[in-house]
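Shown here is one chain on its own, the form predicted alone, set out as structure tokens.
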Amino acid sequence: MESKQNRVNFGSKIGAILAAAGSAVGLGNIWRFPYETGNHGGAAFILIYLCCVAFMGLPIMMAEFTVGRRSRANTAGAYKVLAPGTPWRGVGYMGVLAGFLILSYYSVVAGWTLEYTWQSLANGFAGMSSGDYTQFFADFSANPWRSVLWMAVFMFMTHWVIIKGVKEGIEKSSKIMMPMLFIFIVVLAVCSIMLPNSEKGLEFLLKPDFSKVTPSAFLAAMGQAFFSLSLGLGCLSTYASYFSKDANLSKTAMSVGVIDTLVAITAGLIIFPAAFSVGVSPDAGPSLLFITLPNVFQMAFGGVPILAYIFSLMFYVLLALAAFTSTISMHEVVTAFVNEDWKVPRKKAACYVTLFCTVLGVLSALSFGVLADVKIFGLTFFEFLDTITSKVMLPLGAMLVSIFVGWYLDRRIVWDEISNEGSLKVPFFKVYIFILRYFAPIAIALIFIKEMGLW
């Protein structure tokens, strides 16, 4: 296990920011955010979401950064360093387990993005009718070979980056993929806005309709903020353990939050103008990415086939990039734990993680087909992993991190990390502590109750 002094750091501040942003930016930004926005009235939801990010998401992100950089350890080892001999180590173990489980089933959906990238590249969507897209997705996801194959390909792509290490693997890939993601998403948004009748989509996205604001919208916005920023998972804490001592945690958190939110809103600028242009509902739900949007692209650009081809291909490459940056961060959470706590060499640790996640990934992929009738508490294997992580482990983990830094960790330690041992001005420190102690835990408790179906 590396000592705190010899632990590898990210090579640059921009590398650290892009890696952390890559951890946060994922399919949730491009699918879940537009879906939630469409379900809760457009721009009014976005305003609520921005408040949730500013007053809850960023403080908890800074708390995770504090835990990671102060301990200079993986997310499980961090609590053993900062709270030795206490039950707090369970928070770290839960983060590692959550990362392991999410990587296992998330890689299935990530594999779907590769299938759709391949189909777009081969122009396989040309000439399909609306019903054809539904049938194509049903047939593909239920196919025991294709779904498993693409899941395995994505898992081994992730493995290749992880075994390269923090600087040569994670940081270097982030510096390549995040700019590519930004370029693709901006080009796609401009193309979408130029479509006929796209102004209706822009109005829906940018004009607030406060008549649709309900308590459900507030809870959905809070849940989206935590989901989108990857809070409570251990990714940000693990990455922060590679931050240099002069990294400004509050500015880094702000940069990650801004990048994450801009990607989500720009994804809305792709989806809503295109959807409204062809008269498709913007709240199409989980089927949006793989059934609704391929149809939208063909309808919107059908008069110019080459544009439909390019737009579709770029969109699914964008999805694959977003998924890739997320799977890398989740793999690193577990690999760092196995490497440091179990004292397994890094490459061998990565192999173990890849192998066992692939096994669970196969079960998750098959739950759409041959294992569809195998249920755990009435849920398929995929649905069970998704439910237990997103509705239980992530909100619980974010709440406990907030309480740990707000109440347990010595106030001087928190101040030293946020202010870089007094070298930075932190006029918001008292407000920050208040949010961690009271506001964030109560808000997360409400999300938890809602997600469990108790309210």
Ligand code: PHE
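One rule holds for the numbers: they count along the sequence shown, beginning at 1. On a predicted model such as this, the values are computed, not experimentally measured, just so you know.
The following text describes the form predicted together with ligand PHE, which does not appear among the structures shown.
Novice: Select from the listed residues Asn339, Ser326, Thr354, Ser147 the one whose heavy atoms reach within 4.5 Å of ligand PHE in the model of the complex.
Specialist: The option sitting close enough to the partner is Ser326.
Novice: Please tell me which of Ile271, Ala365, Met330, Val256 lies within 4.5 Å of ligand PHE in the model of the complex, judged by heavy atoms.
Specialist: The residue in contact is Met330.
Novice: I have Phe65, Thr252 and Tyr432 flagged as a candidate spot, so tell me whether each of them has a non-hydrogen atom within 4.5 Å of ligand PHE in the model of the complex.
Specialist: Not one of the three qualifies.
Novice: Tell me which of 399-407, 420-428, 51-59, 27-35 has residues with heavy atoms within 4.5 angstroms of ligand PHE in the model of the complex?
Specialist: Going by heavy atoms within 4.5 Å, the stretch is 27-35.
Novice: With heavy atoms only and a cut-off of 4.5 Å, decide whether Ser230 touches ligand PHE in the model of the complex.
Specialist: Heavy-atom contact with ligand PHE at 4.5 Å: present for Ser230.
Novice: Classify Ala240 as contacting or not contacting ligand PHE in the model of the complex by the rule of any non-hydrogen atom within 4.5 angstroms, answering yes or no.
Specialist: Looking in the model of the complex, residue contacts with ligand PHE do not include Ala240, since no heavy atom lies within 4.5 Å.
Novice: Against ligand PHE in the model of the complex, would Ala78 count as a contact residue? Criterion: heavy atoms within 4.5 Å.
Specialist: No.
Novice: Can you tell me if Ala275 lies within 4.5 angstroms of ligand PHE in the model of the complex, counting non-hydrogen atoms only?
Specialist: Judged by the heavy-atom cut-off of 4.5 Å, Ala275 is well away from ligand PHE in the model of the complex.
Novice: For the stretch 105-131, which residues lie within 4.5 Å of ligand PHE in the model of the complex by non-hydrogen atom distance?
Specialist: Heavy-atom contacts within 4.5 Å come from Tyr106 alone.
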